[in-house]
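To begin, one chain is listed below as structure tokens, in the form predicted alone.
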Amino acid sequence: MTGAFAQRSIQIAFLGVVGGAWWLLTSSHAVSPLFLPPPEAVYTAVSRLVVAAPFWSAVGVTLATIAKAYGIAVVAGVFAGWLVTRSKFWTEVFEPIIAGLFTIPITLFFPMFILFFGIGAGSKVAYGAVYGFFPIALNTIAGLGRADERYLRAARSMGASSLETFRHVLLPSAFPVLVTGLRVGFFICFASVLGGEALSSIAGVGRNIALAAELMDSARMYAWIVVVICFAVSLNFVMTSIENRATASEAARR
């Protein structure tokens, strides 16, 4: 309890320092409002933003795009990881390849996604799915590879099918590592979709951020960014809690 309280206190203090520094910089006119608008201007912009219909339309487009991209990444990543770990030989062959591909900045290939899928949501779905695939696949491989061989032999000796072995042995063993991969993959997917919308899109939250920057409406641009940060922090809190529970459950099981 004390450790958790200390962590929350430090986090709140950090936010206070950031907010205080922001207020001091803007109130002292050390930074032009064009680059850093006052906190009260951003608050006003957020208040106006969230009651406007275009805001919810943009949020809906972005959330739908993220959901599609993440769904594809999860299915493809888990399935690919499961296939690779069916053989130790294939694990040794493909795991370094997938890890090596993950180090390549996929942003370099974003124009290709635009070329193939257009500037609509399709290119952002494909872009986010490809980027989110790698951490999910790598963590699936790592998680399934840590299953105790004794449990696998016992399951096979009792006549368990491949699906039953996966469900009752492999998945429980891999779950904590898999959840970490799902969390990392989600936020990579989240950032990829927003980045793709900011670079080239006709709708969405990222497009609105880029549009506000083009119009030099810094208060509105920061308002969009604040909304994204609040959403991302809330999601991170939820997914971290799920990950911690999965880890605690695995530790208790062992």
Partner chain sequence: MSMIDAPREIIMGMPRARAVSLTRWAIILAAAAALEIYGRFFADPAFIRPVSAIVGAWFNPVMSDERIFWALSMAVFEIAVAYALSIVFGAAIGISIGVSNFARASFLPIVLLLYAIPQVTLMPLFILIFGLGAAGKIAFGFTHGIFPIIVNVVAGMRDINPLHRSAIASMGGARADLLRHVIAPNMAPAFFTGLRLSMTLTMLGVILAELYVSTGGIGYFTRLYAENFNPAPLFALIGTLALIAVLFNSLVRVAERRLTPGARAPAKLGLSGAKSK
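In this text, rigid core is short for the largest set of C-alphas that superpose within 1.5 Å between two forms. Positions refer to the first chain, counted from 1. Treat the numbers as computed from the prediction; the structure is a model and nothing was measured.
There is another form of this protein, the form predicted together with its partner chain, and it is not shown here; the text below is about that form.
S.K.: State yes or no: in the predicted complex, is some non-hydrogen atom of G60 no more than 4.5 angstroms from a non-hydrogen atom of its partner chain?
M.R.: Answer no; every heavy atom of G60 is more than 4.5 Å from its partner chain in the predicted complex.
S.K.: Does A223 reach its partner chain in the predicted complex if we count a contact as any heavy atom within 4.5 Å?
M.R.: A223: no, not in contact with its partner chain in the predicted complex.
S.K.: Please run the contact check for F186 against its partner chain in the predicted complex: heavy atoms, 4.5 angstroms, yes or no?
M.R.: Residue-level check for F186: no, no contact with its partner chain.
S.K.: Verify the contact flag for P39: yes if a non-hydrogen atom of it lies within 4.5 Å of a non-hydrogen atom of its partner chain in the predicted complex, no if not.
M.R.: Answer no; every heavy atom of P39 is more than 4.5 Å from its partner chain in the predicted complex.
S.K.: I need the one stretch from 42-50, 22-30, 202-210, 60-68 whose residues put non-hydrogen atoms within 4.5 angstroms of its partner chain in the predicted complex.
M.R.: Among the candidates, contact is made by 202-210.
S.K.: Along 183-210, which positions have a non-hydrogen atom within 4.5 Å of its partner chain in the predicted complex?
M.R.: Heavy-atom contacts to its partner chain in the predicted complex: F190, A191, L194, G195, A198, L199, S200, I209, A210.
S.K.: C-alpha of N236: shift of 2 angstroms or more between the shown form and the other one, rigid core aligned?
M.R.: No, N236 moves less than 2 Å.
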